[in-house]
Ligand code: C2E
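Only one chain is included here, represented as structure tokens and corresponding to the form predicted alone.
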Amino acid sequence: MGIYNVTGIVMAESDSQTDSGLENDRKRHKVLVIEDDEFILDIVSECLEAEGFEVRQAPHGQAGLALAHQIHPDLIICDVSMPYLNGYEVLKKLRENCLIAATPFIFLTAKADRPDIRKGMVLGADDYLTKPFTQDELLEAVKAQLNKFEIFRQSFSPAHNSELGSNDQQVFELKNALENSEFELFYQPQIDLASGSLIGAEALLRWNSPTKGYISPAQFIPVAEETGFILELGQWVLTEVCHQFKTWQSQGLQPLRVAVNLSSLQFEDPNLEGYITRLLQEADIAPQYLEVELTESLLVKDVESTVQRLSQLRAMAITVAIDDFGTGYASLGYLQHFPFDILKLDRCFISDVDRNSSNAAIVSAVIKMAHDLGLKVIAEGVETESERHFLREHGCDAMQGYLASRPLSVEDFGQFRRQIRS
């Protein structure tokens, strides 16, 4: 048996292979390795890949946490001592998410002290590998935890869902809905107020359950956000928008900007830019035709990191909009520090704007100040001709709402595009 030392980890070449049944099972297992030492990360990953596992890497705790929410691995191997977010903090946050709370978790550590091990076990760690360890020790630990996980997944098959709490039940239903293609996107047109032409659309997620019919996003989005499933849903939305864009191109329709809402988990995902770049390249979409919409509350959570992330998105030529302006915590004076392109005025200010003096004063002032900051303004929820007339007279750039069109299915939106100037 060949043994070599890698920065405190002793890896060994196995003299024998495990049974073929386990080998076949490994092909289906996804392992996330979180390790800030790049050399160790690669060595552990190569060892697992050689045994047939699908391995995903994360260079630090924050990236690992985001990736775990995104891919839902079958096993997580995580270093204890890391900058930004250490292994204990990663484990604690993972165990708070019912979607991945039961995922086996193995610590890698140079600390063999009992208090350190007990701390991890109290938080919910399943095993510890103390450096240096052999290849066989690594594989034995992985095998043991995956076997336990398989038993857990059988225990929590759909037949047992009735025993789970309401949030857990909804999450299982959401996962099944995604796997069974029950989600679909509707598109609500955005109309230029000066010319009346179609300038864009907002993609809106809908759940069409075969047993319950259409389920309001207000019912399932909060659960998805609370449990982290919103990452998986959000990726599906971005992917679906890009696929649909490519379909429209193949049908000879002109390019059109499409807006997608980002959750806070998506916005904080360190892999966001890379994922979007890959989607745009695969669909051959110019980045300016993708718009991401963010809420005020998300923007002001961590100003420094938010500005950095927004700058990265805009450097990619992606359009950035602040959604539902006026319902959160920000002000125009504060928002001048954020690099974005579009301000969307919430329906609560648009309603009866032609007759409500308070709304009229707010809307006209916001439009002027937004233009002074170089921002375009889109009014949401426009429902009457009087509201449209007021907005146009006061220089608002665009509108969306039932006056122009309700949200439309893909087929209906295609017909809408052919009937209106674009």
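Start at 1 with the first residue shown and count on from there. Computed from a predicted structure; not experimentally measured.
Below, we turn to the form predicted in complex with this ligand, even though it does not appear here.
Taking the partner from elsewhere, Pro217 is found to have a heavy atom lying within 4.5 Å of this ligand in the predicted bound form. In the predicted bound form, this ligand sits within 4.5 Å of a heavy atom of Gln188.
Residue contact with this ligand in the predicted bound form: Arg347 places a heavy atom within 4.5 Å of it. Contact annotation: Val44 falls outside 4.5 Å of this ligand in the predicted bound form, judged by heavy atom distances. Checking Lys301, Arg206, Arg95, Lys246 against this ligand in the predicted bound form, a heavy atom within 4.5 Å turns up for just one residue: Arg206. The contact with this ligand in the predicted bound form, taken as any heavy atom within 4.5 Å, belongs to Glu380 out of Glu380, Asp36, Asp397, Glu51.
Comparing 311-319, 262-270, 136-144, 86-94 against this ligand in the predicted bound form, the single stretch with non-hydrogen atoms within 4.5 angstroms of it is 262-270. Cα-Cα spacing of His72 to Val223 is reduced in the predicted bound form versus the present form (difference of at least 3 Å). Between Gly213 and Gln70, the Cα spacing is smaller in the predicted bound form than in the shown form, differing by no less than 3 Å.
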